[in-house]
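Here you get one chain, nothing else, as structure tokens; it is the form predicted on its own.
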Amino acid sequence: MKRIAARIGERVVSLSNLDKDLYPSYGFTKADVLEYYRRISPCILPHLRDRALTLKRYPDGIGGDHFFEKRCPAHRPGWVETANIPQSGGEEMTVCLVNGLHTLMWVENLASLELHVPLARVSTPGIPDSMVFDLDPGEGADVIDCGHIALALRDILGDLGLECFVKTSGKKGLHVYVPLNREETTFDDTRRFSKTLAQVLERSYPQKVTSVMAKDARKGRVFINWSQNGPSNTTVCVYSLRARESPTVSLPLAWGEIERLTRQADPGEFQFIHSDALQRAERDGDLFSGLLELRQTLPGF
């Protein structure tokens, strides 16, 4: 196995097999993956900081076997920051914290193409920083349908005095986030609130929306997955690559762009790859930065 030692700040990170093609039909190697995450690090690191990372690893590329890894690998360098998370049986699980570029590069050397994080930080495990609505199109629906529902959801939230942010899933749906950043808010609050809003949209658009996970209920409809608002649930991190044929990215968009793309009605226009993410970050900065800063209160809670 060919290895090189890369100095990143005060750390030396061992990198291996940089020429391995992780996206074979696109020609995107491990070196390309590392370079993407290095360049996007100013935007993605604040969203990873102090959150228990779930790695989704593709050691043989997107065409090979993959696996999720919640426990921080035992062979980690001593400088990788970790936290111990209590489990239901009373034991603890050691998780990785990606709090710097050196750890991000180490994680990506493990071919963790996708990075998934919870809504709470390890220091406040019962307090979600935000609430998420995962809009997932069922069979016969697509991301254009998700766009319409995202806009309707934005308008309802706006009427309730809540600002929200939207990103692509990097696959076929959209994610709408409501920043909270208040110690008083619990996961019970966000689950009840998000389920209620999903059911309101379901009643308003019965032919287009379902709040029910069952596959039969999702045909031709957008499933609003409110259950993502749980302490053990994770969602793909903003700016993370996705394991698709090409290196697509879960990318934040402005609401005006959602309106335009939804009017254009071309699902392919909702797909963005690594180069798009880098160009937009350089031009616009982090469109999701407000998610970490804006303090909001759920009505009635």
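Counting begins at 1, following the sequence as shown. These numbers were taken from a predicted model, which means no experiment stands behind them.
There is another form of this protein, the form predicted together with a small molecule, and it is not shown here; the text below is about that form.
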query: Sole residue of 100, 173, 179, 138 within 4.5 Å of the small molecule in the predicted complex, by heavy atom; finding: 173
query: Position in contact with the small molecule when the complex is considered in the predicted complex, options 33, 236, 251, 53, heavy atoms within 4.5 Å; finding: 236
query: Every residue of 129, 185 and 297 near the small molecule in the predicted complex, heavy atom within 4.5 Å; finding: no
query: Segment assignment from 195-203, 75-83, 130-138, 208-216: heavy atom within 4.5 Å of the small molecule in the predicted complex; finding: 130-138
query: Residue contact check: residue 242 to the small molecule in the predicted complex, 4.5 Å heavy atom; finding: yes
query: The small molecule contact in the predicted complex: residue 255, any heavy atom under 4.5 Å; finding: no
query: Any non-hydrogen atom of residue 228 within 4.5 angstroms of the small molecule in the predicted complex; finding: yes
query: Contact test in the predicted complex: residue 169 vs the small molecule, heavy atoms, 4.5 Å; finding: yes
